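In C-alpha cells, the next block holds one chain alone, the form predicted on its own.
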Amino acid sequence: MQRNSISVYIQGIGSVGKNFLTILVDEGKLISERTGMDIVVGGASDRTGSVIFSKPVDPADLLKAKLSGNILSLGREATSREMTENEGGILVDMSSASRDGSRELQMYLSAMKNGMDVVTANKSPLANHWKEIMDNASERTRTVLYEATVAGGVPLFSLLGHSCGPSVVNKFTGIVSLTANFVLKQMREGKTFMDAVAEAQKRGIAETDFRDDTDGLDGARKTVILANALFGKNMTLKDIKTSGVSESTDVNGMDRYRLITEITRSGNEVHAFSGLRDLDEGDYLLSLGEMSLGYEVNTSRNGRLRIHSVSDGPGETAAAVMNDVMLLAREKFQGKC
C-alpha cells in the first residue's frame, strides 16, 4: 500500500537546518507514526543555490551533500521561484534573516499563491510584514506557523494556542533571546565583549554576524511577533525601541540586568518593551541559567504560567520547526488542509 507523504522545500541549511535534517534522519519512523504522513524533502536551498529533486532524497544524503558543500549534485538546479511552485508542499524557511524581511515576504506570498503552506524560523518577515503575510494566508486559506521564531525550542505559541483556549494573555515577560544575555553574563564574569561573543559562537548560539542579537534587534523582532500573535496587534519594528550589549557596555552594577521582552494589556491598549532591564530581586527570570530561555504569562482563565528550558540552541529550535511541520502533516492526513 502506498504511504501518504508530504514534501518540504527547505530554505537555509545552516545550524538549524542541519539539525532539522538530523531529526528527520533519526526520528523519521516516529514522525510518520505520529502524523500518518512521511515527511520527504522535495527541494532545498543554501548559499550555493537551489535544487529540486526528481524523486525524494534521503535526508542523510542531503546532510552529507551539505557538509561537502555540494547540494546541487543531488538534483536539478532550480531558481528560487521554482522552490515556491509546489502545490500541497510546505515551504520551510530556516534561512538567515534579511534586514527588512522583503526577500522572505515575496517568497511566502509566492508560495501561498501556489498552494503551499509556510513554516518559518525566520523572524524578519513576520516582524516587518506581519499583517500582509497573515492577511494573504487568510485570503488563500493557507497556514503560516512560526513556533521557532521566538524562544527557540520552548513551547510557546502552540502551547498557549492549544492549551489556553478560554484565556487571553494579559501580560508576557520573558527572556526570548539567548545571545545577548549570554554575552552580558560572560562580561560580568570578566570577559571582553568580543571574547564573550566568541564563546557564544563556539557554543553554537551566536551567528557569525552577531550584531542583530547583541544590539537587541533580534529581541525586538521577537517582541513584535509576540505582540501580534498573542495580543492581536499589527505592530512592526518601527513601534519598538530597544537596547542591547556592546563593547561600550559598562557591566558594573548590572548583576540583575537582563535583556527581556515585556508586553502588557491595559484596557484596549497594549504596551511592548524590548531591552535591558534591572529586574527585582526574586524575579522568576533571574532564576534562568545562561543557556536558558523562558517566559511567564498572566492569563485571564488559566492563571500564571511559567515555562523555561534548561538549555536551548539550534537543536531545540530545529525541533520546534519540525513540530510545526508535523502539525501541518497531521492536518493534511486528517483532511483539514
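Numbers for residues come from their place in the sequence shown, where the first is 1. Worth saying up front: this structure is predicted, and the values here are computed from it rather than measured.
Absent from the display: the form predicted together with a small molecule. The rest refers to it.
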So which of A200, I175, M94, I225 gets a non-hydrogen atom within 4.5 Å of the small molecule in the predicted complex?
M94
Contact residue in the predicted complex, chosen from E262, E207, D215, E85 - any heavy atom within 4.5 Å of the small molecule:
E207
Pick from 29-37, 267-275, 280-288, 44-52: which stretch has a heavy atom within 4.5 Å of the small molecule in the predicted complex?
44-52
Indicate whether A148 is a 4.5 Å heavy atom neighbour of the small molecule in the predicted complex.
yes
With a 4.5 Å heavy atom cut-off, would you call I13 a contact of the small molecule in the predicted complex?
yes
Taking 4.5 angstroms as the cut-off for heavy atoms, does H308 touch the small molecule in the predicted complex?
no
With the cut-off set at 4.5 Å between non-hydrogen atoms, does A121 touch the small molecule in the predicted complex?
yes
